[in-house]
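Same protein, same chain, two forms; see structure 1 and structure 2 below, as structure tokens.
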Structure 1
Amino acid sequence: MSTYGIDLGTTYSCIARLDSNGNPEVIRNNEDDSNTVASVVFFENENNVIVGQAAKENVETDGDRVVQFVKREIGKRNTRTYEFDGKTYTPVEISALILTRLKNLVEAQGGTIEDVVITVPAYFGLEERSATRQAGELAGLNVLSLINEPTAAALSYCARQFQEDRTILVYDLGGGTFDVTVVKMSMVQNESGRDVQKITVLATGGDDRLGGKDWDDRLYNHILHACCDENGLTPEEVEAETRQDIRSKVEEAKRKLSKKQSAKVRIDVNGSRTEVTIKRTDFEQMTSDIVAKTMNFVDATLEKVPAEAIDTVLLVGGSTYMPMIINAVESKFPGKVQQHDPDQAVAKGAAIYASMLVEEVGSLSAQGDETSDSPEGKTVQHAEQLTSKFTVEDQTPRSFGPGVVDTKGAKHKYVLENFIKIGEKMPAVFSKTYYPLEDNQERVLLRAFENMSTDDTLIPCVDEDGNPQATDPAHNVKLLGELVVNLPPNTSRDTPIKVTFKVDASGVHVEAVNTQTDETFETFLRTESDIDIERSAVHQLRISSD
């Protein structure tokens, strides 16, 4: 089957599919003898671009030709680009290079790959999601859908051991990000009356700048200082090659410390061989504050779902191999902690989801053709069994709403009315009726905004005229797009215009209906490119009929 699940990670990426028995399996990266591919790109020269472990080995010596952590840039407005050998690369293009490397793993092993599901962090907004999809398309993949990483991890756990009415906290500590998500597993009946296992996301939290890299940095500094002490040097006197030597050994030492009580590293310090031994207890001491920080995020998430409600804690992400993490989580949730393939669970869940989707399409197209004995028919039958097994209900990653004019006060106020709030179950739909600002208005310019606030109204990031204006940075207000609604001649300012927002996993659908003429205007916002903001004061909608 050519359906795959891809975990496009900040530090490591992974690709999986279902084997012939329907069990998820990861495609090995034989070159690096690993289940994952380092999300690092090295532009060695015009003709040679390297992705993976070999790229990572150049970080310290050739850092200006290496790109890592690109996931932090993808889909961000006014983001940086990267220049190598006269060519400019966007974060989407760099991500596409990583995806191409994953695609090549499949092809090198004789497989074909077309349809994929790519995972994204739960906190990604519309633009980050859209950019991730674009990266997949650029790598020649057919992106069936995106799925939130913790939801994918929960799906792979659910496929392994479903238990009705269990609430699971997913603790995902990767290389550069930390996510906490609470999901509930339940049994529901689908439209055809069949029992299906349902995963509902109840709460999400975390920090997109907290991960294994913080442990690496502490260990790097520790080893650097130990090397200096041993050789009577100051850190400034240490050569770049020595730094690269330390950098390239830090992660391995960290991984050793997950298994053993101590780890030895041999470093060539400005030409002189130095041996440094790190004890696990020391490593744990020098990083205990970062462990505590993750637990604070767990506590914050538990404000939304009580701790007593948690039945199982699922450890996901490569950094949860560290015993200090297992111990910290275990002491908060005694007897409830589980860990299965923490660096593969997300990709495996995505593979399960991808085949669910393909099979849904398959079973639809097979309706009325049930006697078919073609190979396609057989696939569909297998598919139906699987399709009936799961359903996923996720939450909106952001809040969404239109910009409208509040005419009540002495002065007109252009406000953002938050229709759909962050954390609502998807698909989320909300409608409200507005009115043209003036009589005989020819058209309405309906702006759609995204933000991270749960307030009912807030200040949009552009004013009524379309000029940028300051908002509370914590609300992260973004203009997603504009819908032009043409009005017939002689439209009165009391004509009701019904505005509807619908948010699902693939984007935001905005609709405006002139309820007098029933004329409908709609747009689907994926925000593939920046919008040319139209500047005009008179084409707005106002809140109430006064």
Structure 2
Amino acid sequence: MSTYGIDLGTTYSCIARLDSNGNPEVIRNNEDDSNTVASVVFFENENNVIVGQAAKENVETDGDRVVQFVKREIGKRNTRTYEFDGKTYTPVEISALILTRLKNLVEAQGGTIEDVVITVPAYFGLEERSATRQAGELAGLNVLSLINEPTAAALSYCARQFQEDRTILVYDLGGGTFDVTVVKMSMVQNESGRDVQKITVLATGGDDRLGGKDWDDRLYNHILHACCDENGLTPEEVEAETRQDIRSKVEEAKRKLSKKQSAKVRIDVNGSRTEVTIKRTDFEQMTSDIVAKTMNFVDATLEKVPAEAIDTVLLVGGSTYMPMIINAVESKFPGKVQQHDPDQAVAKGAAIYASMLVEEVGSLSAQGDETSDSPEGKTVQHAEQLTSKFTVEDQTPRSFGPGVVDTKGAKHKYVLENFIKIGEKMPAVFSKTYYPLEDNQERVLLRAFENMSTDDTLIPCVDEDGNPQATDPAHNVKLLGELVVNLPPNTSRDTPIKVTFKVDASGVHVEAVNTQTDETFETFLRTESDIDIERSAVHQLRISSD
């Protein structure tokens, strides 16, 4: 089957598909003897770019030629770029190299990869999602859709469970990002009258700067300073090869501390053999504030869905192997915590979702050749049996709306009206009628914003001339783009302009209709671009007709 799900992770990535029995399986990374690929790129020279564990081994010795944790940069404005051998790479292009490596895994094992679903953190906004999609397309993949990582994990879990209603909290602590999401699993009837499991997202939160990397950094610094104390050195005096040796042993030590009460690390420090013993209790103490930070996000999410409503808590992500995480979550939800396939659940859920999206076509293909004994035909039929059991209802990751002029009062204000608010069911659609600011305007510029506020109206940051700025730190307001609406000559300021926003997993669709002429203008905001902001206020829309 050529449909795959991809977990594009901050530290490790994973790719999965449905096997011939309709069960999700991860594609093995035989080169690294692992089920994952390290999300690290090493530009050895202009003719050789390495992705994976071999790249990771060069972090300290050739760190200026290694790129890692790029997921924290993708889709961010004014983000850094990387230059190697005279060529500049964006975070999108670096991510495309990682996705290409995953694609090569499939092809090296005789498979073909066409359609994919890529996972993203639930709190990713439009620009981060668009950049992720761009990376997939740049890698030569047909990106069917994106799916939130906790939703994918819940989908993988629900595929194994009995048909019963339950409310599930997904605690997803990956290598570089953290998500906490509450979903409702319930049995409903679809349009065909068949009982299916419905997964509805009820609440979500997270941080794209919080993950297992933070624990690694604390442990690395602890070992480095212990080596310095033992040998009378400062960190600056420790050779690069020694720092790389420490870095390479941090993950191994962290894994040992998940199973044992202590772990020993042996390091050659400038020619001298040094042994550092780390106690689990010390490791937990030096990182207790990070654990607390994750639980603060849990508490914030429980303001929307009370703790007593939670039936099951899923621990997802490689960092949830740490006992300190298990204990912290268990103390909050005694008897409800399960570790669900931490390293692979997200990719497997994405594979299920990808098959759901192509199910209709696959079913028709199978029906057209009912007597076929080909492995491909069997795969389609079994996949249909699995994926037809589910329906997914996710939430909008941000609030969205237009920037318009409020003419009420003595002073005109430029405001952002939130049409669609964070947490609404997707796809979400909302319309409202506005009017030109002045008579005889030749055009209006309809600006689309996203933000993290649930207020009906915001006042975005403006420059000295009163024009909206691209970002507003107070509510993480971002100017996504603008739609130019041309008006016929002699257009009155009382001419109604109907504005519609539609938000789904693929992006934001903005439409403006001149209701007097029925002329329609529309744009689909899904890719990053530089926005040339017109400085003349006369081109704006206003809220109401005077």
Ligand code: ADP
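For numbering, take structure 1's sequence and count from 1. Heads up, when I say rigid core I mean the largest set of C-alphas that superpose within 1.5 Å between the two forms. What you see is a predicted model; the values in this text were computed from it and never measured.
*Asks:* If I had to pick the form predicted together with the ligand out of these two, would it be 1 or 2?
*Replies:* Between the two, the form predicted together with the ligand is shown as structure 1, not structure 2.
*Asks:* Could you check whether the CA atom of L233 moves 2 Å or more between structure 1 and structure 2, using the rigid core for the fit?
*Replies:* L233 C-alpha, core-superposed: shift of 2 Å or more.
*Asks:* If we fit on the core, is the Cα of N104 displaced 2 Å or more between structure 1 and structure 2?
*Replies:* Comparing the forms between structure 1 and structure 2, which are aligned on their rigid core, N104 does not shift its C-alpha by 2 Å or more.
*Asks:* After fitting the rigid core, is the C-alpha of N58 off by 2 Å or more between structure 1 and structure 2?
*Replies:* False for N58: its C-alpha shift is below 2 Å.
*Asks:* Mind pulling the C-alpha shift for T517 between structure 1 and structure 2, with the rigid core superposed, in Å?
*Replies:* Rounded to one decimal, the shift is 3.2 Å.
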